[in-house]
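One chain follows as structure tokens, the form predicted alone.
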């Protein structure tokens, strides 16, 4: 099957170069945001080329140099870049062996390679990769039909490996875009309005205390040499500014609005929305033994990156360079070119490590902020950092959602009819351009400029398992499925992509409902799942996690719960089991977690396990603690007290089981465990307390409310 990244960038030189010094440089369009993609690509290249991993460098990802592989998102990196690098390095090895065979006067099949040294076994003559190709272009295309090595010969893939850059991380020597320094650099901060709809009325320049103010409409920033002075000046200017407050934010009941507001409703068939009338909810089948319905709710969540977003920019000689931790530097470059009316080729974006984030946080917005200030100070590097209040109050959130489910089950535990409706705002507002400044419109600052670009109105995402309907389609073999996505208008907060898009909420609802159905039908919840699964790899994962969860006696006062999904129904299979307790203060304490995952061929086992475990911990934080709060005057969750997250004192003991599938296609692993974790927690709370919680997060207040309503 053709690789889309290679189809777009077919030349081997776009992916690989070999230096005369014996260094191998691998290029990728995927950025490393802590998911260890660089490590995985390095291991693939080392095995396919037969070189030591220490000899390989992964190139900095920058526009105009790196392959354009779109956005690092959707758990696509291994299937796209991992596969591309495997084919590219296999092509290079085959080409170099051909050159060596001629130079050594030997048959290619009689050659062996050890750390880049090609030797003819019969004559013991040898030549190295760097002697053959060092510093020279390959000038050949990647062979898309080439097969990689037999997994049985791998020396690095699938074996434990220390992550690239890990030593610097654990010793505190890692540097981030926030740490950048350049001669003559200015620090900058943006002065934000109270909420999205406020417009600047008056600004007291005297509060800047001699520092430079940049003002373009309602976009205001202050810049200076001393960072602390800039921070204090920004606070003074913000306190003295006056704003036309406008209509403010809608402040009615959020979950009522989600199902009552104007919306676009589309049926979803085999994971894809279709522009047809939504079928009505049918009456239960006559042979149904049980029919059950439930509604589940998820609030707005934020990425809440531990370090707020930042960018460095310099505008000189009519060209702009930006250092950014964006996950999509090519689409960001195009959006910024639209925003600034600059030729796209006059803009270069260099990916630079920032605070980790899975999704669309403030990284793209802060890049434009820095560029706007840099354009007012030509030739001067500008380092612009968001504050914690900026990040919490202005990043694009994941939408709040409502899921309404109904199903009927026969006397044998088979599902006869299934309905799942999901409601929410868009998950897709990354600054991807489709013309008419649509990319620029998705960057925050453009709506406040003197010539503003109005924020776009989202269209329904019509792809397979995209946005609101991601993982709405069950992997189970359910008859008579009725799936509906509802894109809701007029909701209060700015939303875009966060880890899993709609899958977290949909799987939370689906897998909670599975337990509810099993209970209503008088069946064991694990057996009920297996009875309705026909995918053997899914069954294997479910059984492995269940066996690990239930293999030991459970202490009194605790409960166990389970959740399963295959991400997008086409990527990693993952089952999560949770053991927890609920205190007298209605606080949930996590004790044990088991994860079983089938991610296809696993290149970096420690990295894959970290992805699974990190997904569970982030989901546990969403599930137990996180909710964006707001009122008419703006977002009020501006710090870690008003937006609490999971802390070390509630991290469970985790056991991770990875299925060995050498030679199988890569299956993206980064987002597979989040939805199952939420459902497992909900199901474990039910087991421990008898309370079925359907509104996230499961805070003490929500648990007490559920107890009062029971």
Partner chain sequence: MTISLRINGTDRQIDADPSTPLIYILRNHLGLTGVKLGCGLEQCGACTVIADGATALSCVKTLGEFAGKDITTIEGLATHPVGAAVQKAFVAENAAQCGYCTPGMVSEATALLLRNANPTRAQTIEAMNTHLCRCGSHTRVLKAIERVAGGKVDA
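This is a predicted model, so every value here is computed, not measured. Numbering follows the first chain given and starts at 1.
There is another form of the same protein, the form predicted in complex with the partner chain; it is not shown, and what comes next is about it.
For residue 209, no non-hydrogen atom is located within 4.5 Å of the partner chain in the predicted bound form, even though that partner is not displayed. Although the partner is absent from this view, residue 356 contacts the partner chain in the predicted bound form, with a non-hydrogen atom inside 4.5 angstroms. The partner chain in the predicted bound form is not approached by residue 93, whose heavy atoms all lie more than 4.5 angstroms from it. Among heavy atoms of residue 651, some come within 4.5 Å of the partner chain in the predicted bound form. Exactly one of the stretches 263-271, 484-492, 174-182, 579-587 approaches the partner chain in the predicted bound form with heavy atoms within 4.5 Å, and it is 174-182. Screening 639, 251, 108, 316 for any heavy atom within 4.5 Å of the partner chain in the predicted bound form leaves a single hit, 639. Note on contacts: among 416, 289, 331, 610, the single residue with a heavy atom within 4.5 Å of the partner chain in the predicted bound form is 610.
Residues 606, 609, 610, 611, 613, 614, 617, 618, 621, 622, 626 are the ones in 604-638 with at least one heavy atom within 4.5 Å of the partner chain in the predicted bound form, listed in sequence order.
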